[in-house]
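The chain that follows stands alone, in the form predicted on its own, written as structure tokens.
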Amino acid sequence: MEAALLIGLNAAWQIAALALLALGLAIVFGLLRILNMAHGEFVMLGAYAHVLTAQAGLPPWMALPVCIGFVGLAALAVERLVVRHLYDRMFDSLLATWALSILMREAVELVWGRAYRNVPLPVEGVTQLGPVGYPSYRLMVIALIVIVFFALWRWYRRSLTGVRLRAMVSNPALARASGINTARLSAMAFVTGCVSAGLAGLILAPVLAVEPNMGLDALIRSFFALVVGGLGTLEGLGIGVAVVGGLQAGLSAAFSQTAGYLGVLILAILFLWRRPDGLYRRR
């Protein structure tokens, strides 16, 4: 009983962390058809917001506004200077953002070096759940992800902006003809996706090693989740992170972390080969 509960909690943590990491990539790719290869670097910038806050002598809670401002300004600059010219050009956007990811890693390495940074947990201790004690911070993150995903799903389905976004995704030309400012909506979606990635880095930094190359793993795992679940919908994202996170947690518990990662890699390859649309197709 105790072992099963612990495995279930670890699976819930893997799913929640992956959902947090993949959300920004899902927003950008699902709404704009831009395969943002710099997604992991925006996660990395969010994690380094802790370092920037500490160096500025600010209290730890200021890391949140620092992250939003730091990542938001970087994303806006990228959208205006690069991405805006590459909508509907998926391969070109892939190459451009891949080059951008290299530049961002090198810039962070130039400023802060290659050394690993440790971020203290904002909430210490464990919470007792029956016979199992589990880190309180992880339980808080799991609860936060559930609330955020539910709120985002309702907003996307019921708000006026959500209606305009769906219209832009379905038929951009008709949306423009109807008076919708698709350029502004696209910029908003890109910046929102990048800020979501930055917030993921900020929240997960206390349980990760913060260093310039940390974004690569975030990009790969996020892409795997989107491939399995299906591109372009919150429902597909939810299914993808549940399958990938659950599989990785189960294999890691039964064998090793390497086996978990290998299992996810094989699953993603099979989906790319046999079912490229994923488990949930956009309607």
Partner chain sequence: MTKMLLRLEDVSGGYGDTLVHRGLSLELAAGQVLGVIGRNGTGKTTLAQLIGGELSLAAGRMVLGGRDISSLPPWERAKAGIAVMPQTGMVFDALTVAENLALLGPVTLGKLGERFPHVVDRLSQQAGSMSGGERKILGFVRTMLSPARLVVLDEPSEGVQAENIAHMQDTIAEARAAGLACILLEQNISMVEALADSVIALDSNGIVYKAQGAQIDRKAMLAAISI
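Positions refer to the first chain, counted from 1. Bear in mind the structure is a predicted one, so any value in this text is a computation, not a measurement.
What comes next is about the form predicted in complex with the partner chain, which is not displayed.
Among Asn213, Ser136, Asn118, Ser170, which has at least one heavy atom within 4.5 Å of the partner chain in the predicted bound form? Answer to the contact question: Ser170.
Contact assignment for the partner chain in the predicted bound form, among Ala96, Leu76, Ala175, Val148, heavy atom within 4.5 Å: The residue from Ala96, Leu76, Ala175, Val148 that makes the contact is Ala175.
Among the candidate stretches 187-195, 68-76, 159-167, 108-116, which one is within 4.5 Å of the partner chain in the predicted bound form when only heavy atoms are counted? Single hit among the candidates: 159-167.
Answer with yes or no whether Thr127 is in contact with the partner chain in the predicted bound form, where contact means some heavy atom within 4.5 Å. Heavy-atom contact with the partner chain at 4.5 Å: absent for Thr127.
Quick one: does Thr182 come within 4.5 Å of the partner chain in the predicted bound form, counting heavy atoms only? Within the cut-off, so yes.
Does any residue in 256-278 get within 4.5 Å of the partner chain in the predicted bound form, counting heavy atoms only, and if so which ones? Result: empty, none.
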